[in-house]
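This document starts with one chain, in the form predicted alone, laid out as structure tokens.
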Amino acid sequence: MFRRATTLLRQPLMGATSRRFSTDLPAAPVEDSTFVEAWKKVSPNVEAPKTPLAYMKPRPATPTSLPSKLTVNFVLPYASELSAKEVDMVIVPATTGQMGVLPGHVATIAELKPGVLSVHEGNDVTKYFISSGFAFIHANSVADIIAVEAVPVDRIDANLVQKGLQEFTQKLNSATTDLEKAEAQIGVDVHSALNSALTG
């Protein structure tokens, strides 16, 4: 069975149409010819209105060679921590696990969980604790990281983290409703991640 897997994967599914990937699409926006043709049949004397496709910006070209640096934009709702900063690597706390992003990384969207975002620039490593968010890694070696809250790890007070972890653990043990349990569990998860950030 496994020997035939590669040949089976190459065969199109019966009745399935081939799906184009974003890298197969043209870099410049094109006119929606199907819509324009249908419009001309219905109203030949009136110019067809523009469709959303006409307003889309062309996607950036994928570089032909591997760049040496990764361009990072790290933003919060109230501030921009990094703007077009060229770095060697970032490590993001994705919900699926720690994800290292180097120049030339495949285009990806990752949901972020509470954890440490590491920005590597030469021998310097800057660490931020983030509460949640998303990372958008583009094919042109640009990473956009959007977090709800973030703080440099060196500004976290270990005593307050331990105190908060104890309080939320106590609330979780004494919770009676589902809402109280959920709120307490979120507090435990965040404070546990903060504690791991300080000790790890």
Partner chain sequence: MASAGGAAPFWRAAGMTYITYTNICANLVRNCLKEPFKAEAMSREKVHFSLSKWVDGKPEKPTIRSEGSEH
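Positions refer to the first chain, counted from 1. Computed from a prediction, not measured in an experiment: that's the story for all the values here.
One more form of this protein should be noted, the form predicted together with its partner chain, which is absent from this view; the next part is about it.
In the predicted complex, at least one heavy atom of residue 96 sits within 4.5 Å of its partner chain. Interface membership of residue 114, defined by any non-hydrogen atom within 4.5 Å of its partner chain in the predicted complex, is confirmed. Although the partner is absent here, residue 144 is not a contact residue: none of its heavy atoms lies within 4.5 angstroms of its partner chain in the predicted complex.
Although the partner is absent here, residue 129 lies within 4.5 Å of its partner chain in the predicted complex, judged by heavy atoms. Contact with its partner chain in the predicted complex, judged by any heavy atom within 4.5 Å, is made by just one of 66, 42, 160, 46: 160. When its partner chain is considered in the predicted complex, only one residue from 175, 38, 139, 148 comes within 4.5 Å through any heavy atom, namely 148. Contacts of stretch 159-190 with its partner chain in the predicted complex, defined by any heavy atom lying within 4.5 Å, are made by 160, 161, 168, 178, 179, 182, 183, 185, 186, 187, 189, 190, listed in sequence order.
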